[in-house]
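For reference, the chain that follows is the form predicted on its own, supplied as C-alpha coordinates.
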(Lines give C-alpha, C1' and ligand atoms only; values in the text may rest on other atoms or scores of the structure.)
Protein backbone atom coordinates (compact mmCIF):
# COMPACT_ATOMS: atom_id res chain seq x y z
CA UNK A 1 0.00 0.00 0.00
CA UNK A 2 1.53 3.36 -1.03
CA UNK A 3 1.83 6.37 1.25
CA UNK A 4 -0.91 8.36 -0.54
CA UNK A 5 -3.46 5.55 -0.06
CA UNK A 6 -2.47 5.21 3.59
CA UNK A 7 -2.85 8.95 4.19
CA UNK A 8 -6.22 9.04 2.42
CA UNK A 9 -7.55 6.19 4.57
CA UNK A 10 -6.19 7.90 7.68
CA UNK A 11 -7.93 11.15 6.72
CA UNK A 12 -11.23 9.31 6.17
CA UNK A 13 -11.34 8.62 9.92
CA UNK A 14 -11.56 12.35 10.52
CA UNK A 15 -14.56 13.00 8.25
CA UNK A 16 -18.17 13.37 9.35
CA UNK A 17 -21.59 13.14 7.78
CA UNK A 18 -23.04 16.55 6.98
CA UNK A 19 -26.59 16.75 5.63
CA UNK A 20 -27.07 18.13 2.11
CA UNK A 21 -30.24 20.13 2.69
CA UNK A 22 -33.27 20.88 4.88
CA UNK A 23 -31.68 22.37 7.96
CA UNK A 24 -33.36 23.38 11.21
CA UNK A 25 -31.29 26.39 12.31
CA UNK A 26 -30.51 26.97 15.98
CA UNK A 27 -29.32 30.51 16.66
CA UNK A 28 -26.62 31.46 19.16
CA UNK A 29 -27.33 33.68 22.16
CA UNK A 30 -24.06 35.59 22.03
CA UNK A 31 -23.49 35.51 18.25
CA UNK A 32 -26.74 37.43 17.76
CA UNK A 33 -25.42 40.04 20.18
CA UNK A 34 -21.77 40.40 19.19
CA UNK A 35 -21.89 39.52 15.49
CA UNK A 36 -25.52 40.01 14.39
CA UNK A 37 -24.67 40.05 10.68
CA UNK A 38 -23.09 36.60 10.81
CA UNK A 39 -26.30 34.67 11.35
CA UNK A 40 -28.13 36.71 8.74
CA UNK A 41 -25.28 36.02 6.29
CA UNK A 42 -25.37 32.28 6.97
CA UNK A 43 -29.08 32.08 6.22
CA UNK A 44 -28.77 34.28 3.14
CA UNK A 45 -25.83 32.30 1.75
CA UNK A 46 -27.64 28.99 2.18
CA UNK A 47 -30.95 30.20 0.77
CA UNK A 48 -29.89 32.58 -1.97
CA UNK A 49 -26.38 31.47 -2.97
CA UNK A 50 -26.70 27.71 -2.48
CA UNK A 51 -30.45 27.19 -2.89
CA UNK A 52 -30.88 25.27 0.36
CA UNK A 53 -33.93 24.88 2.61
CA UNK A 54 -33.18 26.31 6.06
CA UNK A 55 -35.76 27.05 8.75
CA UNK A 56 -35.08 29.90 11.18
CA UNK A 57 -37.47 29.26 14.06
CA UNK A 58 -38.55 32.29 16.16
CA UNK A 59 -39.62 29.87 18.93
CA UNK A 60 -36.06 28.68 19.50
CA UNK A 61 -34.40 29.59 22.81
CA UNK A 62 -31.07 29.30 24.58
CA UNK A 63 -29.62 25.81 25.07
CA UNK A 64 -28.53 26.93 28.62
CA UNK A 65 -24.94 26.01 27.67
CA UNK A 66 -23.18 28.86 29.47
CA UNK A 67 -25.25 28.23 32.59
CA UNK A 68 -24.62 24.49 32.36
CA UNK A 69 -20.86 24.83 31.95
CA UNK A 70 -20.80 27.36 34.78
CA UNK A 71 -22.51 24.85 37.14
CA UNK A 72 -25.62 26.99 37.39
CA UNK A 73 -28.07 24.88 35.34
CA UNK A 74 -28.35 21.12 36.11
CA UNK A 75 -27.79 18.64 33.28
CA UNK A 76 -31.35 17.28 33.56
CA UNK A 77 -32.72 20.78 32.99
CA UNK A 78 -30.41 21.34 30.04
CA UNK A 79 -31.49 18.04 28.49
CA UNK A 80 -35.16 19.01 28.80
CA UNK A 81 -34.54 22.44 27.24
CA UNK A 82 -32.68 20.80 24.35
CA UNK A 83 -35.47 18.22 23.99
CA UNK A 84 -37.82 21.17 23.41
CA UNK A 85 -35.49 22.32 20.60
CA UNK A 86 -35.76 18.87 19.06
CA UNK A 87 -39.55 19.01 19.47
CA UNK A 88 -39.69 22.33 17.60
CA UNK A 89 -37.54 20.80 14.87
CA UNK A 90 -39.86 17.80 14.67
CA UNK A 91 -42.99 19.96 14.59
CA UNK A 92 -41.51 22.03 11.76
CA UNK A 93 -40.91 18.86 9.72
CA UNK A 94 -37.11 18.84 9.82
CA UNK A 95 -34.62 16.17 10.92
CA UNK A 96 -31.23 17.89 10.37
CA UNK A 97 -30.24 20.41 13.04
CA UNK A 98 -27.44 22.93 12.60
CA UNK A 99 -26.56 25.11 15.62
CA UNK A 100 -24.75 28.41 15.17
CA UNK A 101 -23.03 28.21 18.55
CA UNK A 102 -20.08 25.95 19.33
CA UNK A 103 -21.32 25.51 22.89
CA UNK A 104 -24.77 24.47 21.63
CA UNK A 105 -23.06 22.02 19.26
CA UNK A 106 -21.14 20.58 22.21
CA UNK A 107 -24.27 20.45 24.37
CA UNK A 108 -26.29 18.67 21.66
CA UNK A 109 -23.44 16.23 21.05
CA UNK A 110 -23.04 15.47 24.75
CA UNK A 111 -26.77 14.93 25.22
CA UNK A 112 -27.16 12.67 22.19
CA UNK A 113 -24.15 10.66 23.37
CA UNK A 114 -25.64 10.38 26.88
CA UNK A 115 -28.95 9.15 25.44
CA UNK A 116 -27.18 6.53 23.33
CA UNK A 117 -25.27 5.23 26.34
CA UNK A 118 -28.16 5.55 28.81
CA UNK A 119 -31.56 5.12 27.09
CA UNK A 120 -33.29 5.54 30.43
CA UNK A 121 -32.20 9.21 30.40
CA UNK A 122 -33.92 9.72 27.07
CA UNK A 123 -37.15 8.21 28.36
CA UNK A 124 -37.05 10.38 31.46
CA UNK A 125 -36.50 13.51 29.34
CA UNK A 126 -39.39 12.56 27.07
CA UNK A 127 -41.59 12.33 30.16
CA UNK A 128 -40.33 15.61 31.64
CA UNK A 129 -40.82 17.51 28.39
CA UNK A 130 -44.33 16.16 27.90
CA UNK A 131 -45.32 17.07 31.46
CA UNK A 132 -43.96 20.59 31.02
CA UNK A 133 -45.05 21.38 27.45
CA UNK A 134 -47.18 18.50 26.09
CA UNK A 135 -44.57 18.22 23.32
CA UNK A 136 -42.92 15.14 21.82
CA UNK A 137 -39.79 14.89 19.69
CA UNK A 138 -37.67 12.83 17.35
CA UNK A 139 -33.92 12.64 17.82
CA UNK A 140 -32.16 14.51 14.96
CA UNK A 141 -30.94 12.36 12.09
CA UNK A 142 -28.00 14.68 11.50
CA UNK A 143 -26.20 17.18 13.73
CA UNK A 144 -23.69 19.49 12.06
CA UNK A 145 -22.31 22.81 13.21
CA UNK A 146 -22.93 25.72 10.86
CA UNK A 147 -19.20 25.88 10.08
CA UNK A 148 -19.48 22.25 8.95
CA UNK A 149 -22.18 23.28 6.51
CA UNK A 150 -20.14 26.14 5.02
CA UNK A 151 -17.16 23.78 4.84
CA UNK A 152 -19.26 21.21 2.99
CA UNK A 153 -20.21 23.77 0.34
CA UNK A 154 -16.86 25.61 0.24
CA UNK A 155 -16.20 24.65 -3.38
CA UNK A 156 -19.65 25.78 -4.54
CA UNK A 157 -18.98 29.09 -2.78
CA UNK A 158 -15.58 29.27 -4.49
CA UNK A 159 -17.35 29.08 -7.87
CA UNK A 160 -19.24 32.29 -6.95
CA UNK A 161 -16.26 34.19 -5.51
CA UNK A 162 -16.11 37.95 -6.06
CA UNK A 163 -13.16 38.66 -3.78
CA UNK A 164 -10.75 35.73 -3.24
CA UNK A 165 -8.57 35.70 -0.13
CA UNK A 166 -5.77 37.35 -2.09
CA UNK A 167 -3.90 40.64 -1.64
CA UNK A 168 -4.89 42.53 -4.80
CA UNK A 169 -1.75 44.68 -4.55
CA UNK A 170 0.74 41.79 -4.52
CA UNK A 171 -1.26 38.90 -5.94
CA UNK A 172 -0.21 36.78 -2.97
CA UNK A 173 -2.60 34.71 -0.82
CA UNK A 174 -3.71 36.35 2.40
CA UNK A 175 -2.08 34.87 5.46
CA UNK A 176 -4.81 33.54 7.72
CA UNK A 177 -4.76 32.17 11.28
CA UNK A 178 -7.60 29.78 12.09
CA UNK A 179 -8.89 29.27 15.63
CA UNK A 180 -11.11 26.26 16.31
CA UNK A 181 -13.49 26.39 19.27
CA UNK A 182 -12.73 23.89 22.04
CA UNK A 183 -16.35 22.69 22.16
CA UNK A 184 -16.11 21.81 18.47
CA UNK A 185 -12.88 19.82 18.31
CA UNK A 186 -11.87 18.83 21.82
CA UNK A 187 -14.95 17.57 23.68
CA UNK A 188 -15.93 14.95 21.07
CA UNK A 189 -13.10 14.93 18.49
CA UNK A 190 -14.83 12.43 16.21
CA UNK A 191 -17.73 14.85 15.71
CA UNK A 192 -15.64 17.57 14.07
CA UNK A 193 -13.99 17.64 10.64
CA UNK A 194 -10.39 16.61 11.24
CA UNK A 195 -10.79 15.75 14.91
CA UNK A 196 -8.74 17.46 17.62
CA UNK A 197 -5.40 16.84 15.91
CA UNK A 198 -6.15 18.04 12.38
CA UNK A 199 -9.27 20.26 12.47
CA UNK A 200 -9.77 21.37 8.88
CA UNK A 201 -13.20 22.97 8.99
CA UNK A 202 -11.78 26.51 8.74
CA UNK A 203 -8.50 25.84 6.96
CA UNK A 204 -10.49 24.00 4.30
CA UNK A 205 -12.48 27.15 3.61
CA UNK A 206 -9.36 29.30 3.54
CA UNK A 207 -7.61 26.97 1.08
CA UNK A 208 -10.68 26.76 -1.18
CA UNK A 209 -11.01 30.54 -1.33
CA UNK A 210 -7.39 31.31 -2.19
CA UNK A 211 -5.84 32.07 1.19
CA UNK A 212 -2.94 30.49 3.05
CA UNK A 213 -3.49 29.06 6.52
CA UNK A 214 -0.57 29.80 8.83
CA UNK A 215 0.60 27.35 11.48
CA UNK A 216 2.04 28.74 14.70
CA UNK A 217 2.96 27.33 18.13
CA UNK A 218 -0.27 28.17 20.01
CA UNK A 219 -2.64 27.42 17.15
CA UNK A 220 -4.70 24.94 19.21
CA UNK A 221 -4.51 26.84 22.49
CA UNK A 222 -7.81 27.91 24.09
CA UNK A 223 -8.89 31.52 23.51
CA UNK A 224 -9.33 31.89 27.27
CA UNK A 225 -13.13 32.30 27.52
CA UNK A 226 -13.62 29.28 29.77
CA UNK A 227 -16.99 30.62 31.06
CA UNK A 228 -16.04 30.95 34.73
CA UNK A 229 -12.71 32.49 33.69
CA UNK A 230 -14.69 35.41 32.34
CA UNK A 231 -18.04 35.36 34.13
CA UNK A 232 -16.34 35.70 37.52
CA UNK A 233 -14.74 39.13 37.39
CA UNK A 234 -11.82 38.14 39.62
CA UNK A 235 -10.87 35.42 37.12
CA UNK A 236 -10.73 37.59 34.00
CA UNK A 237 -6.97 37.86 34.20
CA UNK A 238 -6.83 34.16 33.23
CA UNK A 239 -9.00 34.85 30.20
CA UNK A 240 -7.02 37.79 28.86
CA UNK A 241 -3.72 35.97 29.55
CA UNK A 242 -4.79 33.03 27.35
CA UNK A 243 -5.77 35.31 24.48
CA UNK A 244 -2.53 37.26 24.90
CA UNK A 245 -0.53 34.03 24.71
CA UNK A 246 -2.14 33.23 21.36
CA UNK A 247 -1.72 36.74 19.99
CA UNK A 248 1.95 36.90 21.03
CA UNK A 249 2.55 33.53 19.37
CA UNK A 250 0.94 34.45 16.03
CA UNK A 251 2.33 38.00 15.81
CA UNK A 252 5.73 37.06 14.22
CA UNK A 253 3.91 35.35 11.34
CA UNK A 254 2.14 38.62 10.42
CA UNK A 255 -1.34 37.20 9.70
CA UNK A 256 -3.74 39.32 7.69
CA UNK A 257 -6.65 38.16 9.81
CA UNK A 258 -7.90 35.54 12.28
CA UNK A 259 -10.95 33.40 11.52
CA UNK A 260 -12.88 31.55 14.24
CA UNK A 261 -15.87 29.20 14.34
CA UNK A 262 -16.90 29.96 17.93
CA UNK A 263 -18.75 33.19 18.78
CA UNK A 264 -17.05 33.48 22.16
CA UNK A 265 -13.58 32.89 20.70
CA UNK A 266 -14.13 35.50 18.02
CA UNK A 267 -15.39 38.02 20.53
CA UNK A 268 -12.47 37.54 22.92
CA UNK A 269 -9.68 37.49 20.33
CA UNK A 270 -11.14 40.73 18.96
CA UNK A 271 -12.00 42.63 22.13
CA UNK A 272 -9.05 41.51 24.22
CA UNK A 273 -6.80 43.19 21.65
CA UNK A 274 -8.38 46.48 22.68
CA UNK A 275 -8.03 45.58 26.37
CA UNK A 276 -4.37 44.64 26.01
CA UNK A 277 -3.65 47.85 24.12
CA UNK A 278 -5.28 49.93 26.87
CA UNK A 279 -3.37 48.03 29.57
CA UNK A 280 0.06 48.09 27.95
CA UNK A 281 -0.03 50.08 24.71
CA UNK A 282 0.69 46.87 22.80
CA UNK A 283 -0.94 46.25 19.39
CA UNK A 284 -0.44 43.15 17.23
CA UNK A 285 -0.98 44.26 13.64
CA UNK A 286 1.10 46.57 11.46
CA UNK A 287 1.24 50.35 11.92
CA UNK A 288 -0.64 50.35 15.21
CA UNK A 289 -3.62 48.35 14.00
CA UNK A 290 -4.75 45.06 15.48
CA UNK A 291 -5.22 41.75 13.69
CA UNK A 292 -8.79 41.68 12.31
CA UNK A 293 -10.93 38.80 13.57
CA UNK A 294 -13.67 37.37 11.35
CA UNK A 295 -16.32 34.75 11.82
CA UNK A 296 -16.40 32.18 9.01
CA UNK A 297 -19.76 33.62 7.89
CA UNK A 298 -18.18 37.07 7.60
CA UNK A 299 -15.24 35.58 5.70
CA UNK A 300 -17.62 33.80 3.33
CA UNK A 301 -19.68 36.97 2.95
CA UNK A 302 -16.66 39.05 1.96
CA UNK A 303 -15.58 36.38 -0.53
CA UNK A 304 -19.07 36.44 -2.06
CA UNK A 305 -19.15 40.23 -2.35
CA UNK A 306 -21.46 41.19 0.52
CA UNK A 307 -21.33 44.75 1.84
CA UNK A 308 -19.00 44.79 4.88
CA UNK A 309 -21.40 46.91 6.91
CA UNK A 310 -24.34 44.61 6.10
CA UNK A 311 -22.18 41.81 7.53
CA UNK A 312 -21.83 43.83 10.74
CA UNK A 313 -18.05 44.33 10.57
CA UNK A 314 -18.49 47.73 12.23
CA UNK A 315 -19.30 45.78 15.40
CA UNK A 316 -15.68 44.61 15.68
CA UNK A 317 -13.24 46.29 18.04
CA UNK A 318 -10.29 45.79 15.69
CA UNK A 319 -10.58 47.83 12.47
CA UNK A 320 -11.31 45.75 9.36
CA UNK A 321 -10.53 48.45 6.81
CA UNK A 322 -6.89 47.39 6.25
CA UNK A 323 -8.13 43.90 5.35
CA UNK A 324 -10.86 45.27 3.06
CA UNK A 325 -8.26 47.38 1.28
CA UNK A 326 -6.01 44.36 0.74
CA UNK A 327 -8.90 42.39 -0.75
CA UNK A 328 -9.92 45.27 -3.02
CA UNK A 329 -13.37 45.55 -1.45
CA UNK A 330 -15.21 48.84 -1.94
CA UNK A 331 -16.84 50.33 1.14
CA UNK A 332 -18.21 53.68 2.19
CA UNK A 333 -16.54 54.83 5.44
CA UNK A 334 -19.33 57.37 5.95
CA UNK A 335 -21.90 54.56 6.26
CA UNK A 336 -19.97 52.46 8.77
CA UNK A 337 -22.09 53.57 11.72
CA UNK A 338 -25.37 54.23 9.93
CA UNK A 339 -28.60 52.33 10.38
CA UNK A 340 -30.51 50.57 7.61
CA UNK A 341 -32.04 53.90 6.54
CA UNK A 342 -28.63 55.55 6.22
CA UNK A 343 -28.99 57.62 9.40
CA UNK A 344 -25.89 57.97 11.59
CA UNK A 345 -26.46 56.16 14.88
CA UNK A 346 -23.43 57.39 16.83
CA UNK A 347 -19.65 57.38 16.66
CA UNK A 348 -17.77 55.18 19.14
CA UNK A 349 -15.01 56.60 21.28
CA UNK A 350 -11.61 55.84 19.79
CA UNK A 351 -9.15 53.65 21.73
CA UNK A 352 -6.04 55.21 23.21
CA UNK A 353 -3.55 53.16 21.19
CA UNK A 354 -5.35 50.78 18.84
CA UNK A 355 -5.86 52.54 15.49
CA UNK A 356 -9.34 52.65 13.99
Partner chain sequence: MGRIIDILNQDTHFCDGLNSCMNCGVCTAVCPAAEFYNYDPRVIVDTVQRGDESEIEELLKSNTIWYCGECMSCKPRCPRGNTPGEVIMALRKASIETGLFVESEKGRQQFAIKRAIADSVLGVGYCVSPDIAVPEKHPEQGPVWEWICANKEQVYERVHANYDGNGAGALRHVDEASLNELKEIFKVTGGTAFMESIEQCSKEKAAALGMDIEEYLHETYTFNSGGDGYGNNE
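Positions refer to the first chain, counted from 1. What you are looking at is a predicted structure, and each value in this text was computed from that prediction instead of being measured.
Not on display, but discussed next: the form predicted in complex with the partner chain.
Within 4.5 Å of the partner chain in the predicted complex, all of 152, 297 and 324 (non-hydrogen atom): Judged in the predicted complex, none of 152, 297 and 324 sits within 4.5 Å of the partner chain.
In the predicted complex, segment of 116-124, 136-144, 93-101, 205-213 with a heavy atom within 4.5 Å of the partner chain: That would be 116-124.
4.5 Å heavy atom contact, residue 179 and the partner chain in the predicted complex: Result no; residue 179 lies far from the partner chain in the predicted complex.
Taking the partner chain as it sits in the predicted complex, is residue 289 in contact with it (heavy atom to heavy atom, 4.5 Å or less)? Heavy-atom contact with the partner chain at 4.5 Å: absent for residue 289.
Although the partner isn't part of this model, could you tell me whether residue 72 comes within 4.5 Å of the partner chain in the predicted complex, counting any heavy atom of the residue? So residue 72 counts as contacting the partner chain.
Answer with yes or no whether residue 267 is in contact with the partner chain in the predicted complex, where contact means some heavy atom within 4.5 Å. Yes, contact at 4.5 Å.
Tell me, out of 227, 86, 108, 284, which residue has a non-hydrogen atom within 4.5 angstroms of the partner chain in the predicted complex. So the residue touching the partner chain in the predicted complex, by this definition, is 227.
For the stretch 202-236, return the residues whose heavy atoms include at least one within 4.5 Å of the partner chain in the predicted complex, in the order they occur. 220, 221, 222, 226, 227, 228, 229, 230, 231, 232, 233, 234, 235, 236 sit within 4.5 Å of the partner.
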